[in-house]
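Take a look at this single chain in structure tokens; it is the form predicted on its own.
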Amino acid sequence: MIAPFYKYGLFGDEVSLILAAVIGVGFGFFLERAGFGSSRKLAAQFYFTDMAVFKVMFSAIVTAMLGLFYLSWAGLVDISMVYVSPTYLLPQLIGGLVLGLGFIVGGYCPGTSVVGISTGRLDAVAFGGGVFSGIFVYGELYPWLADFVKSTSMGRVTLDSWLGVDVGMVVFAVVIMAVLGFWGATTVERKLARREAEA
């Protein structure tokens, strides 16, 4: 049987929830081990002094992308059954800006704040409180926001379909972007480290 296993009925909702919990705990453990439970580590990203977040997250994206691409090529994954969230262009652009602003101001994203809370960081607790307050307010305002949230729908969009090119070309381009991004991030880190040493 090929993946995705859930879509093919290999296991049900109960097992999927257990797997989600196990994967979530494992993900949180490795985030903490990488230092991503600290707002200082995360905020350093925006000062270009420590680009570990960029490198780790881009590495994860590229690894997942290559894994899916080659597993699909080998006939082990039916890529058409992998869920892709529908695109609502304007609401998601604004949501991304709000999330990014919160990340810059608070030093956490929702996931890393949970990691920080689990290790007793008070700033993470405050951030998490803000996240849940925001969710509550959004839920209360949703009836008035529903039309906007569902506006500018583009359906299921992938880069290859949007650009009208073969998926292999997109994979190749993203890998090149990653290599250049890692090189650029390392170069910036070294330059700033030299400046701090000279100061």
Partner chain sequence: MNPYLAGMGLGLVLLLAFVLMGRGLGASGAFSTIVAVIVDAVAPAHAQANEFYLGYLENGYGSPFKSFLMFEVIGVLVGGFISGALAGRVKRTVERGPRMSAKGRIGLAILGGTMMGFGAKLAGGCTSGQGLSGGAVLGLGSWTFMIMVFVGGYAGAYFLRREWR
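Residue numbers count along the first chain shown, from 1. Keep in mind that this is a model prediction, so the values were computed, not measured.
The form predicted together with its partner chain exists for this protein as well; it is not shown, and the discussion that follows is about that form.
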Fill in: Ala74 within 4.5 Å of its partner chain in the model of the complex, heavy atoms
no
Worksheet item: Does its partner chain get within 4.5 angstroms of any non-hydrogen atom of Lys7 in the model of the complex?
Response: yes
Worksheet item: Does at least one non-hydrogen atom of Val165 fall within 4.5 angstroms of its partner chain in the model of the complex?
Response: no
Item to complete: Give a yes/no on whether Thr63 approaches its partner chain to within 4.5 Å in the model of the complex, heavy atoms considered.
Response: yes
Item to complete: Note that its partner chain is not shown here; using its position in the model of the complex, name the residues of 16-32 with a heavy atom within 4.5 Å of it, in sequence order.
Response: Ser16, Leu17, Leu19, Ala20, Ala21, Ile23, Gly24, Val25, Gly26, Phe27, Gly28, Phe29, Phe30, Leu31, Glu32
